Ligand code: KG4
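Starting off, we have a lone chain in the form predicted on its own, written out as C-alpha cells.
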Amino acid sequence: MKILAIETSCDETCAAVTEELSILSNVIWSQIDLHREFGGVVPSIARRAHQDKIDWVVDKALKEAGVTLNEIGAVAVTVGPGLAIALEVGITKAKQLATQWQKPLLAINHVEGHIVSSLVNHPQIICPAMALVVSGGHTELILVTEIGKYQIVARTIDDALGEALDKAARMLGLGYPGGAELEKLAREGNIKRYKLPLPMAGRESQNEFSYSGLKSAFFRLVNSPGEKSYPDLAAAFQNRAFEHLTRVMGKTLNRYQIQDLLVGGGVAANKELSARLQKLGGDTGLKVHLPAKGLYGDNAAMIGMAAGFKAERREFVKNIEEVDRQPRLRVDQV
C-alpha cells in the first residue's frame, strides 16, 4: 500500500510517500534559519511556518513519487509526541486530505517512526530487539517485542541527550543547532584536558540516564577563571555525555537476550556516537542498525514506514474527527 505521510511535530515540515519500507519521496522543509536568532525553537513561529509550507511539501512529495491520488491507499500523520501547536497543523491537513480523498487515516507515534527508521537498510531483524532513540526531546532505550509493541526500559530523568548537547553548545556561544556545532568543534579537541564528572558514577541505574549534573558541572567549568580551549571543552563534554549513555546501555542490555539494536533520532547522526554504539555492539555481540542518510532527524518517510506496519494490521483510525494532538504521547502507548 502506498501511503502519504505527514510530520510536523517540531520544526521540520515534512511529507513523504512510502510503500512498506520503500521510500518513493521524502520532502523536508527545515525551519532552522527561522529559529537560529532565538537559539531554539519558538513554537508560534514553528506553527506559522508549518501552515505556510504544508501544502507545498505535500504537493512536492506526491510529484516526486510520481503517484496519482488513486494510487494512495492511506494518509498517515504524526499525532505525538511533540509541540502541540505544531502537531495540530499536520493533523488538520491529514484529516482534510483523508476526508477529501476518502482514504483511511493512520495515527502515528513520532518515536515509533524513529524506531523503524533503520529498517530501510536492515529489514531483517530478530525480535525481541532493542531500540535506542536519541534526539533533542528523547533519550529512551526501548524493548521491541515486535514492531508495534514496545516497552521503555531506560529513559532520561531530566535532559534528553540532544538537549544537553545543545545547552552545552550555547554555553560556548556556538550557533544553532548547537549539537551539530559542538560535534564539529569536539573533533579538534582533547577529551582529557578538562575533567568532568561521569553522570551517576557509582550509582548508575539500569534504567535511567541523567544529564543535568553534567550540564551544571560544565557551566561551572566554562565560567571558571582563566582562558579555556573551546575545542577541548566541547570534546570533554561530548565524551562524558556519550560515555554515560553507553555505560547505562551496557548495564541494561545485559538483562536481555537480544541480537539487534535499532538506532534512531537526530543525535545518532553524530559520527563519534555512532562509532561508540558500533563498539558497544561489537563488545556485546549486537548488530547495530543505523538509519539511512536523511532519516536521522525528523522526517515523514519514517512516519510512512511505521504506518505501513499499522496498515498491515488494519489499525486505521475509526473516527477521523476524534484524532487530536497528543504532545506527551509515549511509545509504549502505541
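Residue numbers run from 1 along the displayed sequence. Fair warning: this is a prediction, and the values are worked out from it, not measured in the lab.
What comes next is about the form predicted together with this ligand, which does not appear here.
- The single contact residue among 183, 232, 88, 243, judged by any heavy atom lying within 4.5 Å of this ligand in the model of the complex, is 183.
- Residue contact check for residue 140: none of its heavy atoms lie within 4.5 Å of this ligand in the model of the complex.
- For the chain shown alone, residue 116 is not a contact residue for this ligand in the model of the complex, no non-hydrogen atom being within 4.5 angstroms.
- Although the partner is absent here, residue 305 lies well away from this ligand in the model of the complex, with no heavy atom inside 4.5 Å.
- Contact annotation: residue 301 falls outside 4.5 Å of this ligand in the model of the complex, judged by heavy atom distances.
- Checking 193-201, 88-96, 247-255, 159-167 against this ligand in the model of the complex, the stretch whose residues place heavy atoms within 4.5 Å of it is 159-167.
- Residues of 268-307 that come within 4.5 Å of this ligand in the model of the complex, judged by any heavy atom, are 269, 270, 296, 297, 298 in sequence order.
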